[in-house]
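Heads up, the chain shows up twice below as C-alpha coordinates, two forms, tagged structure 1 and structure 2.
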Structure 1
(Lines of atoms letter the chains of each structure in order from A and count residues from 1; the text may use other names and numbers.)
(Lines give C-alpha, C1' and ligand atoms only; values in the text may rest on other atoms or scores of the structure.)
Protein backbone atom coordinates (compact mmCIF):
# COMPACT_ATOMS: atom_id res chain seq x y z
CA UNK A 1 0.00 0.00 0.00
CA UNK A 2 1.35 3.44 -0.94
CA UNK A 3 2.44 5.59 1.98
CA UNK A 4 0.74 8.96 2.21
CA UNK A 5 2.95 11.92 1.34
CA UNK A 6 3.57 14.64 3.91
CA UNK A 7 1.10 16.92 2.17
CA UNK A 8 -1.55 14.20 2.14
CA UNK A 9 -0.91 13.36 5.80
CA UNK A 10 -1.17 17.02 6.74
CA UNK A 11 -4.48 17.29 4.90
CA UNK A 12 -5.80 14.33 6.88
CA UNK A 13 -4.56 15.55 10.27
CA UNK A 14 -7.30 16.80 12.63
CA UNK A 15 -8.07 20.48 12.22
CA UNK A 16 -9.84 20.91 15.57
CA UNK A 17 -8.63 20.45 19.15
CA UNK A 18 -11.04 17.62 20.02
CA UNK A 19 -9.91 15.70 16.96
CA UNK A 20 -6.27 16.27 17.87
CA UNK A 21 -6.91 15.15 21.45
CA UNK A 22 -8.59 11.97 20.17
CA UNK A 23 -5.68 11.27 17.84
CA UNK A 24 -3.11 11.69 20.64
CA UNK A 25 -5.08 9.34 22.90
CA UNK A 26 -5.37 6.77 20.13
CA UNK A 27 -1.66 6.99 19.33
CA UNK A 28 -0.39 7.32 22.93
CA UNK A 29 0.81 3.72 23.10
CA UNK A 30 2.61 3.96 19.75
CA UNK A 31 4.44 7.25 20.19
CA UNK A 32 8.05 7.19 21.39
CA UNK A 33 8.36 8.09 25.05
CA UNK A 34 9.66 11.63 24.43
CA UNK A 35 6.96 12.41 21.88
CA UNK A 36 4.27 11.08 24.24
CA UNK A 37 5.67 13.29 27.01
CA UNK A 38 5.53 16.40 24.81
CA UNK A 39 2.06 15.49 23.51
CA UNK A 40 0.74 15.19 27.06
CA UNK A 41 2.28 18.55 27.94
CA UNK A 42 0.69 20.17 24.88
CA UNK A 43 -2.79 18.92 25.76
CA UNK A 44 -2.36 20.02 29.38
CA UNK A 45 -1.09 23.50 28.40
CA UNK A 46 -2.89 24.35 25.15
CA UNK A 47 -2.67 28.12 25.66
CA UNK A 48 1.10 27.92 26.00
CA UNK A 49 1.33 26.02 22.72
CA UNK A 50 -0.95 28.55 21.03
CA UNK A 51 1.16 31.53 22.11
CA UNK A 52 4.66 30.03 22.30
CA UNK A 53 7.37 29.13 19.87
CA UNK A 54 8.61 25.61 19.31
CA UNK A 55 11.65 26.49 21.41
CA UNK A 56 9.70 27.97 24.35
CA UNK A 57 7.17 25.15 24.47
CA UNK A 58 9.90 22.54 24.22
CA UNK A 59 11.79 24.19 27.08
CA UNK A 60 8.68 24.05 29.28
CA UNK A 61 8.12 20.43 28.30
CA UNK A 62 11.79 19.61 29.04
CA UNK A 63 12.47 18.63 25.45
CA UNK A 64 14.35 19.88 22.39
CA UNK A 65 12.68 22.16 19.79
CA UNK A 66 13.19 19.44 17.20
CA UNK A 67 10.94 17.19 19.32
CA UNK A 68 8.02 19.56 18.72
CA UNK A 69 8.58 19.30 14.98
CA UNK A 70 8.86 15.52 15.14
CA UNK A 71 5.62 15.34 17.19
CA UNK A 72 3.77 17.46 14.64
CA UNK A 73 4.98 15.27 11.78
CA UNK A 74 4.24 12.05 13.68
CA UNK A 75 0.63 13.23 14.07
CA UNK A 76 0.33 14.02 10.37
CA UNK A 77 1.00 17.78 10.37
CA UNK A 78 3.44 19.46 8.00
CA UNK A 79 5.33 21.06 10.87
CA UNK A 80 5.04 22.83 14.20
CA UNK A 81 3.23 25.87 12.76
CA UNK A 82 0.60 23.61 11.22
CA UNK A 83 0.07 21.88 14.57
CA UNK A 84 0.07 25.19 16.43
CA UNK A 85 -2.76 26.45 14.20
CA UNK A 86 -5.08 23.90 15.84
CA UNK A 87 -4.27 25.31 19.27
CA UNK A 88 -4.78 28.87 18.05
CA UNK A 89 -8.15 27.97 16.55
CA UNK A 90 -9.10 26.53 19.93
CA UNK A 91 -8.51 29.93 21.50
CA UNK A 92 -10.99 31.50 19.12
CA UNK A 93 -13.56 28.91 20.17
CA UNK A 94 -12.63 29.00 23.86
CA UNK A 95 -15.49 29.14 26.35
CA UNK A 96 -16.36 32.83 26.86
CA UNK A 97 -17.12 34.69 30.07
CA UNK A 98 -20.59 34.62 31.57
CA UNK A 99 -21.61 37.96 30.07
CA UNK A 100 -20.59 36.70 26.63
CA UNK A 101 -22.47 33.47 27.19
CA UNK A 102 -25.66 35.38 27.95
CA UNK A 103 -25.08 37.52 24.87
CA UNK A 104 -24.67 34.37 22.77
CA UNK A 105 -27.92 32.97 24.09
CA UNK A 106 -29.70 36.21 23.23
CA UNK A 107 -28.16 36.34 19.76
CA UNK A 108 -29.22 32.76 19.16
CA UNK A 109 -32.78 33.52 20.32
CA UNK A 110 -32.43 30.87 23.02
CA UNK A 111 -32.83 33.20 25.99
CA UNK A 112 -36.59 32.64 26.29
CA UNK A 113 -37.29 30.51 29.37
CA UNK A 114 -38.92 27.64 27.52
CA UNK A 115 -36.10 27.50 24.99
CA UNK A 116 -33.55 27.52 27.81
CA UNK A 117 -35.26 24.56 29.46
CA UNK A 118 -35.25 22.63 26.21
CA UNK A 119 -31.59 23.44 25.59
CA UNK A 120 -30.39 22.50 29.06
CA UNK A 121 -32.52 19.36 29.16
CA UNK A 122 -31.03 18.35 25.83
CA UNK A 123 -27.50 18.99 27.12
CA UNK A 124 -28.22 16.89 30.22
CA UNK A 125 -29.46 14.03 28.05
CA UNK A 126 -26.38 14.19 25.83
CA UNK A 127 -24.08 14.23 28.86
CA UNK A 128 -25.76 11.23 30.45
CA UNK A 129 -25.79 9.30 27.17
CA UNK A 130 -22.09 10.04 26.64
CA UNK A 131 -21.31 8.84 30.16
CA UNK A 132 -23.17 5.58 29.62
CA UNK A 133 -21.43 4.92 26.31
CA UNK A 134 -17.90 5.99 27.26
CA UNK A 135 -17.51 4.90 30.88
CA UNK A 136 -14.72 2.43 31.58
CA UNK A 137 -16.57 -0.27 33.52
CA UNK A 138 -13.36 -1.82 34.79
CA UNK A 139 -12.28 1.53 36.25
CA UNK A 140 -15.77 2.01 37.68
CA UNK A 141 -15.58 -1.36 39.44
CA UNK A 142 -12.11 -0.55 40.78
CA UNK A 143 -13.32 2.82 42.05
CA UNK A 144 -16.23 1.20 43.88
CA UNK A 145 -13.89 -1.40 45.40
CA UNK A 146 -11.46 1.26 46.64
CA UNK A 147 -14.23 3.35 48.19
CA UNK A 148 -15.97 0.33 49.73
CA UNK A 149 -12.81 -0.81 51.47
CA UNK A 150 -12.09 2.58 53.02
CA UNK A 151 -12.66 3.24 56.70
CA UNK A 152 -13.67 6.85 55.99
CA UNK A 153 -14.25 8.56 52.68
CA UNK A 154 -12.93 12.09 52.17
CA UNK A 155 -14.67 14.16 49.50
CA UNK A 156 -12.89 16.96 47.64
CA UNK A 157 -14.41 19.23 45.02
CA UNK A 158 -14.52 22.98 44.51
CA UNK A 159 -16.02 25.49 42.08
CA UNK A 160 -18.43 23.77 39.70
CA UNK A 161 -17.55 20.39 41.23
CA UNK A 162 -18.69 21.40 44.71
CA UNK A 163 -22.44 20.76 44.18
CA UNK A 164 -21.62 17.16 43.25
CA UNK A 165 -19.51 16.44 46.34
CA UNK A 166 -22.01 18.29 48.56
CA UNK A 167 -24.87 16.13 47.31
CA UNK A 168 -22.68 13.06 47.52
CA UNK A 169 -22.08 13.89 51.19
CA UNK A 170 -25.84 14.12 51.73
CA UNK A 171 -26.44 10.74 50.08
CA UNK A 172 -23.60 9.02 51.95
CA UNK A 173 -24.95 10.37 55.24
CA UNK A 174 -28.36 8.89 54.44
CA UNK A 175 -26.69 5.61 53.54
CA UNK A 176 -24.68 5.60 56.81
CA UNK A 177 -21.33 5.57 55.00
CA UNK A 178 -18.62 7.27 57.12
CA UNK A 179 -17.22 10.24 55.25
CA UNK A 180 -15.88 13.75 55.60
CA UNK A 181 -16.63 16.61 53.21
CA UNK A 182 -13.54 18.76 52.69
CA UNK A 183 -15.23 22.16 52.61
CA UNK A 184 -13.67 24.15 55.43
CA UNK A 185 -14.38 27.91 55.29
CA UNK A 186 -11.11 28.32 57.21
CA UNK A 187 -9.15 26.84 54.30
CA UNK A 188 -7.72 23.90 56.26
CA UNK A 189 -8.84 21.04 54.03
CA UNK A 190 -5.28 19.88 53.35
CA UNK A 191 -4.56 19.90 57.09
CA UNK A 192 -7.77 17.97 57.78
CA UNK A 193 -6.71 15.35 55.28
CA UNK A 194 -3.51 14.72 57.24
CA UNK A 195 -5.75 13.00 59.81
CA UNK A 196 -6.49 10.32 57.22
CA UNK A 197 -4.34 7.30 56.44
CA UNK A 198 -3.95 4.44 53.95
CA UNK A 199 -7.05 2.74 55.37
CA UNK A 200 -9.16 5.70 54.18
CA UNK A 201 -9.82 7.00 50.64
CA UNK A 202 -10.20 10.33 48.87
CA UNK A 203 -12.80 10.91 46.19
CA UNK A 204 -11.75 14.00 44.23
CA UNK A 205 -13.79 15.72 41.51
CA UNK A 206 -12.25 18.44 39.36
CA UNK A 207 -12.38 19.66 35.78
CA UNK A 208 -10.23 22.06 33.78
CA UNK A 209 -8.94 24.53 34.83
CA UNK A 210 -8.75 22.33 37.99
CA UNK A 211 -9.33 23.87 41.42
CA UNK A 212 -6.04 24.41 43.30
CA UNK A 213 -7.60 23.28 46.59
CA UNK A 214 -8.65 19.95 45.11
CA UNK A 215 -5.21 19.45 43.59
CA UNK A 216 -3.67 20.17 47.00
CA UNK A 217 -5.90 17.53 48.62
CA UNK A 218 -4.91 14.97 45.99
CA UNK A 219 -1.24 15.80 46.53
CA UNK A 220 -1.55 15.34 50.31
CA UNK A 221 -3.42 12.06 49.84
CA UNK A 222 -0.78 10.75 47.46
CA UNK A 223 2.03 11.68 49.85
CA UNK A 224 0.28 9.91 52.74
CA UNK A 225 -0.52 6.76 50.77
CA UNK A 226 -4.26 7.44 50.81
CA UNK A 227 -6.00 5.80 47.81
CA UNK A 228 -7.51 8.36 45.43
CA UNK A 229 -10.52 7.95 43.16
CA UNK A 230 -10.76 10.79 40.65
CA UNK A 231 -13.64 12.03 38.55
CA UNK A 232 -12.20 14.35 35.92
CA UNK A 233 -12.30 15.28 32.25
CA UNK A 234 -9.12 13.99 30.63
CA UNK A 235 -6.49 11.26 30.80
CA UNK A 236 -4.03 14.13 31.08
CA UNK A 237 -5.77 15.68 34.09
CA UNK A 238 -3.35 16.36 36.97
CA UNK A 239 -5.55 14.15 39.16
CA UNK A 240 -4.92 11.01 37.10
CA UNK A 241 -1.28 10.20 38.02
CA UNK A 242 -2.17 9.96 41.73
CA UNK A 243 -5.40 8.01 41.25
CA UNK A 244 -5.95 4.32 42.00
CA UNK A 245 -8.93 4.66 39.66
CA UNK A 246 -10.14 7.57 37.55
CA UNK A 247 -13.38 8.13 35.67
CA UNK A 248 -13.83 10.49 32.73
CA UNK A 249 -16.84 12.80 32.53
CA UNK A 250 -17.43 15.27 29.72
CA UNK A 251 -20.47 17.48 30.18
CA UNK A 252 -22.33 18.94 27.20
CA UNK A 253 -22.90 22.68 27.31
CA UNK A 254 -25.29 25.36 26.12
CA UNK A 255 -23.27 28.37 24.92
CA UNK A 256 -20.63 27.58 27.56
CA UNK A 257 -23.08 26.89 30.42
CA UNK A 258 -22.71 23.33 31.72
CA UNK A 259 -25.08 21.30 33.84
CA UNK A 260 -23.34 18.65 36.02
CA UNK A 261 -25.88 15.96 35.13
CA UNK A 262 -23.40 13.23 34.18
CA UNK A 263 -21.22 14.06 37.20
CA UNK A 264 -24.21 13.69 39.52
CA UNK A 265 -25.21 10.40 37.87
CA UNK A 266 -21.72 9.00 38.34
CA UNK A 267 -21.50 10.22 41.95
CA UNK A 268 -24.86 8.62 42.74
CA UNK A 269 -23.71 5.37 41.12
CA UNK A 270 -20.64 5.23 43.33
CA UNK A 271 -22.55 6.14 46.49
CA UNK A 272 -25.22 3.48 46.03
CA UNK A 273 -22.70 0.88 44.90
CA UNK A 274 -20.56 1.48 47.99
CA UNK A 275 -23.60 1.31 50.26
CA UNK A 276 -24.78 -1.94 48.71
CA UNK A 277 -21.34 -3.49 48.95
CA UNK A 278 -21.23 -2.49 52.61
CA UNK A 279 -24.72 -3.97 52.97
CA UNK A 280 -26.21 -0.86 54.52
CA UNK A 281 -29.83 -1.55 55.65
CA UNK A 282 -31.49 0.95 53.32
CA UNK A 283 -34.97 0.12 54.62
CA UNK A 284 -34.04 1.64 57.98
CA UNK A 285 -33.43 5.05 56.39
CA UNK A 286 -36.17 7.35 55.22
CA UNK A 287 -35.82 10.55 53.28
CA UNK A 288 -37.12 13.54 55.15
Structure 2
Protein backbone atom coordinates (compact mmCIF):
# COMPACT_ATOMS: atom_id res chain seq x y z
CA UNK A 1 0.00 0.00 0.00
CA UNK A 2 2.79 2.31 -0.94
CA UNK A 3 1.65 5.24 -3.01
CA UNK A 4 3.90 8.14 -2.11
CA UNK A 5 4.15 9.39 -5.71
CA UNK A 6 3.36 12.89 -4.60
CA UNK A 7 3.15 12.94 -0.90
CA UNK A 8 1.51 16.34 -1.18
CA UNK A 9 -1.36 14.98 -3.24
CA UNK A 10 -3.89 13.98 -0.69
CA UNK A 11 -6.94 16.02 0.21
CA UNK A 12 -7.28 17.82 -3.08
CA UNK A 13 -9.70 17.42 -5.98
CA UNK A 14 -11.66 20.66 -6.28
CA UNK A 15 -15.30 20.24 -7.24
CA UNK A 16 -15.67 23.40 -9.29
CA UNK A 17 -14.06 24.48 -12.50
CA UNK A 18 -12.25 27.51 -11.18
CA UNK A 19 -10.76 25.47 -8.39
CA UNK A 20 -9.62 22.88 -10.87
CA UNK A 21 -8.02 25.51 -13.02
CA UNK A 22 -6.20 26.87 -10.03
CA UNK A 23 -4.96 23.46 -9.02
CA UNK A 24 -3.66 22.72 -12.50
CA UNK A 25 -1.86 26.04 -12.66
CA UNK A 26 -0.36 25.55 -9.24
CA UNK A 27 0.92 22.09 -10.02
CA UNK A 28 1.87 22.78 -13.61
CA UNK A 29 5.50 22.58 -12.63
CA UNK A 30 5.70 19.25 -10.88
CA UNK A 31 3.21 17.55 -13.17
CA UNK A 32 4.67 15.19 -15.79
CA UNK A 33 5.02 16.68 -19.24
CA UNK A 34 2.26 14.73 -20.94
CA UNK A 35 -0.08 15.19 -18.05
CA UNK A 36 0.48 18.93 -18.10
CA UNK A 37 -0.21 18.93 -21.82
CA UNK A 38 -3.53 17.15 -21.57
CA UNK A 39 -4.45 19.25 -18.55
CA UNK A 40 -3.91 22.37 -20.60
CA UNK A 41 -5.94 20.90 -23.43
CA UNK A 42 -8.76 20.08 -21.09
CA UNK A 43 -8.86 23.62 -19.72
CA UNK A 44 -8.97 24.96 -23.24
CA UNK A 45 -11.68 22.60 -24.47
CA UNK A 46 -13.99 22.16 -21.50
CA UNK A 47 -17.01 21.35 -23.61
CA UNK A 48 -15.22 18.49 -25.24
CA UNK A 49 -14.33 17.01 -21.90
CA UNK A 50 -17.87 17.48 -20.63
CA UNK A 51 -19.49 15.60 -23.48
CA UNK A 52 -16.80 13.37 -24.89
CA UNK A 53 -15.50 10.04 -23.72
CA UNK A 54 -12.06 9.45 -22.29
CA UNK A 55 -11.00 7.98 -25.60
CA UNK A 56 -12.35 10.81 -27.72
CA UNK A 57 -10.76 13.64 -25.79
CA UNK A 58 -7.56 11.64 -25.48
CA UNK A 59 -7.48 11.43 -29.26
CA UNK A 60 -8.06 15.17 -29.58
CA UNK A 61 -5.31 15.83 -27.11
CA UNK A 62 -3.04 13.33 -28.86
CA UNK A 63 -2.78 11.06 -25.88
CA UNK A 64 -3.99 7.69 -24.69
CA UNK A 65 -7.13 7.04 -22.67
CA UNK A 66 -4.97 5.82 -19.87
CA UNK A 67 -3.34 9.21 -19.67
CA UNK A 68 -6.70 10.79 -18.99
CA UNK A 69 -7.22 8.50 -16.06
CA UNK A 70 -3.73 9.15 -14.79
CA UNK A 71 -4.31 12.88 -14.96
CA UNK A 72 -7.53 12.60 -13.02
CA UNK A 73 -5.85 10.51 -10.35
CA UNK A 74 -2.79 12.73 -10.21
CA UNK A 75 -5.12 15.64 -9.45
CA UNK A 76 -6.74 13.71 -6.67
CA UNK A 77 -9.88 12.46 -8.38
CA UNK A 78 -10.94 8.86 -8.16
CA UNK A 79 -11.01 8.47 -11.92
CA UNK A 80 -11.84 10.08 -15.20
CA UNK A 81 -15.56 10.17 -14.58
CA UNK A 82 -14.97 11.98 -11.35
CA UNK A 83 -12.91 14.61 -13.12
CA UNK A 84 -15.43 14.86 -15.92
CA UNK A 85 -18.17 15.64 -13.45
CA UNK A 86 -16.48 18.97 -12.75
CA UNK A 87 -16.65 19.88 -16.42
CA UNK A 88 -20.27 18.85 -16.62
CA UNK A 89 -21.28 20.83 -13.57
CA UNK A 90 -19.70 23.83 -15.13
CA UNK A 91 -22.12 23.62 -18.03
CA UNK A 92 -25.07 22.74 -15.89
CA UNK A 93 -24.94 25.59 -13.50
CA UNK A 94 -25.77 28.46 -15.64
CA UNK A 95 -22.52 30.15 -16.46
CA UNK A 96 -22.01 32.68 -13.69
CA UNK A 97 -23.20 35.19 -16.20
CA UNK A 98 -21.15 37.96 -17.56
CA UNK A 99 -23.46 40.60 -16.19
CA UNK A 100 -23.20 39.15 -12.71
CA UNK A 101 -19.46 39.02 -12.79
CA UNK A 102 -19.37 42.59 -13.94
CA UNK A 103 -21.56 43.63 -11.09
CA UNK A 104 -19.42 41.63 -8.71
CA UNK A 105 -16.44 43.74 -9.56
CA UNK A 106 -16.85 47.14 -8.03
CA UNK A 107 -18.55 49.31 -10.56
CA UNK A 108 -15.61 51.30 -11.71
CA UNK A 109 -13.16 51.31 -14.50
CA UNK A 110 -12.94 47.54 -14.46
CA UNK A 111 -16.61 47.32 -15.28
CA UNK A 112 -16.22 49.81 -18.07
CA UNK A 113 -13.54 47.78 -19.73
CA UNK A 114 -15.54 44.61 -19.25
CA UNK A 115 -18.59 46.18 -20.82
CA UNK A 116 -16.48 47.32 -23.71
CA UNK A 117 -15.19 43.81 -24.25
CA UNK A 118 -18.70 42.46 -24.17
CA UNK A 119 -19.69 45.01 -26.76
CA UNK A 120 -16.85 44.11 -29.09
CA UNK A 121 -17.50 40.40 -28.69
CA UNK A 122 -21.15 41.03 -29.43
CA UNK A 123 -20.22 43.00 -32.52
CA UNK A 124 -18.09 40.11 -33.72
CA UNK A 125 -20.98 37.72 -33.21
CA UNK A 126 -23.44 39.93 -35.04
CA UNK A 127 -21.02 40.43 -37.89
CA UNK A 128 -20.45 36.72 -38.32
CA UNK A 129 -24.14 35.92 -38.16
CA UNK A 130 -24.97 38.58 -40.66
CA UNK A 131 -22.27 37.28 -42.96
CA UNK A 132 -23.64 33.79 -42.82
CA UNK A 133 -27.17 34.87 -43.50
CA UNK A 134 -26.62 37.43 -46.19
CA UNK A 135 -23.76 36.14 -48.26
CA UNK A 136 -24.41 35.73 -51.97
CA UNK A 137 -23.56 32.08 -52.55
CA UNK A 138 -23.34 32.49 -56.31
CA UNK A 139 -20.79 35.26 -56.01
CA UNK A 140 -18.92 33.25 -53.42
CA UNK A 141 -18.70 30.27 -55.77
CA UNK A 142 -17.56 32.49 -58.61
CA UNK A 143 -14.94 34.10 -56.42
CA UNK A 144 -13.58 30.73 -55.34
CA UNK A 145 -13.45 29.53 -58.94
CA UNK A 146 -11.66 32.64 -60.15
CA UNK A 147 -9.07 32.43 -57.39
CA UNK A 148 -8.60 28.69 -57.83
CA UNK A 149 -7.88 29.12 -61.51
CA UNK A 150 -5.23 31.76 -60.97
CA UNK A 151 -1.55 31.01 -61.38
CA UNK A 152 -0.50 33.56 -58.79
CA UNK A 153 -2.71 35.43 -56.36
CA UNK A 154 -2.14 39.12 -55.71
CA UNK A 155 -3.51 40.54 -52.49
CA UNK A 156 -4.41 44.20 -52.05
CA UNK A 157 -5.57 45.82 -48.84
CA UNK A 158 -4.52 48.85 -46.83
CA UNK A 159 -5.35 50.52 -43.55
CA UNK A 160 -8.27 48.72 -41.96
CA UNK A 161 -8.09 45.96 -44.54
CA UNK A 162 -4.39 45.36 -44.28
CA UNK A 163 -4.58 42.90 -41.36
CA UNK A 164 -6.91 40.73 -43.38
CA UNK A 165 -4.64 40.47 -46.39
CA UNK A 166 -1.65 40.01 -44.10
CA UNK A 167 -3.36 37.06 -42.49
CA UNK A 168 -4.34 35.73 -45.88
CA UNK A 169 -0.74 35.90 -46.94
CA UNK A 170 0.30 33.94 -43.88
CA UNK A 171 -2.31 31.26 -44.43
CA UNK A 172 -1.68 30.97 -48.15
CA UNK A 173 1.99 30.54 -47.46
CA UNK A 174 1.25 27.68 -45.11
CA UNK A 175 -1.01 26.19 -47.78
CA UNK A 176 1.69 26.55 -50.43
CA UNK A 177 -0.45 28.74 -52.67
CA UNK A 178 1.69 31.12 -54.77
CA UNK A 179 0.83 34.73 -54.04
CA UNK A 180 2.13 38.27 -53.67
CA UNK A 181 1.12 40.69 -50.97
CA UNK A 182 0.91 44.19 -52.40
CA UNK A 183 2.30 46.03 -49.42
CA UNK A 184 5.61 47.36 -50.54
CA UNK A 185 7.12 49.97 -48.22
CA UNK A 186 8.87 51.27 -51.33
CA UNK A 187 5.61 52.04 -53.06
CA UNK A 188 6.15 49.81 -56.08
CA UNK A 189 2.92 47.86 -55.91
CA UNK A 190 1.82 49.11 -59.31
CA UNK A 191 5.06 47.86 -60.79
CA UNK A 192 4.63 44.50 -59.14
CA UNK A 193 1.27 44.18 -60.80
CA UNK A 194 2.85 44.57 -64.22
CA UNK A 195 4.22 41.07 -63.68
CA UNK A 196 0.68 39.75 -63.55
CA UNK A 197 -1.52 38.74 -66.43
CA UNK A 198 -4.97 37.37 -67.20
CA UNK A 199 -3.99 33.95 -65.90
CA UNK A 200 -3.45 35.45 -62.45
CA UNK A 201 -5.96 37.10 -60.14
CA UNK A 202 -6.20 39.96 -57.69
CA UNK A 203 -8.04 39.73 -54.39
CA UNK A 204 -8.76 43.23 -53.15
CA UNK A 205 -10.26 44.15 -49.79
CA UNK A 206 -11.37 47.69 -49.19
CA UNK A 207 -14.01 49.54 -47.20
CA UNK A 208 -15.16 53.13 -47.15
CA UNK A 209 -13.28 55.39 -47.23
CA UNK A 210 -11.51 53.35 -49.87
CA UNK A 211 -7.74 53.50 -49.69
CA UNK A 212 -6.30 55.06 -52.84
CA UNK A 213 -3.60 52.45 -53.17
CA UNK A 214 -6.07 49.61 -53.26
CA UNK A 215 -8.26 51.41 -55.77
CA UNK A 216 -5.25 52.00 -57.97
CA UNK A 217 -4.30 48.33 -57.87
CA UNK A 218 -7.82 47.32 -58.82
CA UNK A 219 -7.89 49.80 -61.71
CA UNK A 220 -4.56 48.64 -63.05
CA UNK A 221 -5.58 44.99 -62.79
CA UNK A 222 -8.85 45.63 -64.55
CA UNK A 223 -7.11 47.43 -67.38
CA UNK A 224 -4.63 44.63 -67.82
CA UNK A 225 -7.33 41.98 -67.90
CA UNK A 226 -6.44 40.46 -64.55
CA UNK A 227 -9.57 39.09 -62.93
CA UNK A 228 -10.44 40.86 -59.71
CA UNK A 229 -12.25 39.45 -56.68
CA UNK A 230 -13.39 42.18 -54.32
CA UNK A 231 -14.41 42.10 -50.68
CA UNK A 232 -16.07 45.38 -49.89
CA UNK A 233 -18.90 46.95 -47.97
CA UNK A 234 -21.44 48.12 -50.51
CA UNK A 235 -22.79 47.43 -53.97
CA UNK A 236 -21.83 50.99 -54.81
CA UNK A 237 -18.22 50.50 -53.83
CA UNK A 238 -15.80 51.68 -56.50
CA UNK A 239 -14.33 48.17 -56.54
CA UNK A 240 -17.50 46.55 -57.79
CA UNK A 241 -17.51 47.69 -61.43
CA UNK A 242 -14.06 46.22 -61.97
CA UNK A 243 -14.69 42.95 -60.20
CA UNK A 244 -15.34 39.55 -61.74
CA UNK A 245 -16.88 38.63 -58.40
CA UNK A 246 -17.56 40.74 -55.34
CA UNK A 247 -18.62 39.92 -51.83
CA UNK A 248 -20.36 42.21 -49.42
CA UNK A 249 -19.29 42.32 -45.81
CA UNK A 250 -20.91 44.46 -43.18
CA UNK A 251 -19.09 44.71 -39.88
CA UNK A 252 -21.01 45.73 -36.80
CA UNK A 253 -19.43 48.61 -34.96
CA UNK A 254 -18.95 49.72 -31.37
CA UNK A 255 -18.91 53.44 -30.94
CA UNK A 256 -17.71 53.71 -34.48
CA UNK A 257 -14.89 51.20 -34.07
CA UNK A 258 -15.08 48.09 -36.19
CA UNK A 259 -13.56 44.68 -35.72
CA UNK A 260 -12.91 42.79 -38.94
CA UNK A 261 -14.28 39.43 -37.78
CA UNK A 262 -16.55 38.77 -40.72
CA UNK A 263 -13.89 39.89 -43.17
CA UNK A 264 -11.49 37.38 -41.68
CA UNK A 265 -14.00 34.58 -41.78
CA UNK A 266 -14.71 35.30 -45.42
CA UNK A 267 -11.05 35.60 -46.31
CA UNK A 268 -10.26 32.32 -44.59
CA UNK A 269 -13.09 30.64 -46.43
CA UNK A 270 -11.65 31.71 -49.74
CA UNK A 271 -8.14 30.70 -48.80
CA UNK A 272 -9.05 27.23 -47.59
CA UNK A 273 -11.49 26.67 -50.40
CA UNK A 274 -8.92 27.60 -53.01
CA UNK A 275 -6.26 25.45 -51.42
CA UNK A 276 -8.53 22.43 -51.26
CA UNK A 277 -9.66 22.81 -54.84
CA UNK A 278 -6.10 23.10 -56.01
CA UNK A 279 -5.12 19.77 -54.61
CA UNK A 280 -6.77 17.86 -57.48
CA UNK A 281 -6.60 20.45 -60.19
CA UNK A 282 -4.55 19.28 -63.12
CA UNK A 283 -6.57 16.41 -64.56
CA UNK A 284 -9.73 18.41 -64.23
CA UNK A 285 -8.31 21.43 -65.92
CA UNK A 286 -7.60 19.53 -69.07
CA UNK A 287 -11.09 20.07 -70.35
CA UNK A 288 -10.20 23.61 -71.09
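Just so we're on the same page, rigid core means the largest C-alpha set that superposes within 1.5 Å between forms. Positions refer to the first chain, counted from 1. Nothing here was measured: the structure is a model prediction, and the numbers come from that model.
In this pair, structure 1 matches the form predicted on its own, whereas the other structure does not. With a cut-off of 2 Å and the rigid core superposed, residue 23 has a Cα displacement that reaches or exceeds the cut-off between the two structures. Core-aligned CA deviation for residue 225 between the two structures: less than 2 Å. Core-aligned CA deviation for residue 199 between the two structures: less than 2 Å. For residue 55, the Cα shift between the two structures is 74.3 Å when the rigid core is held fixed in the overlay.
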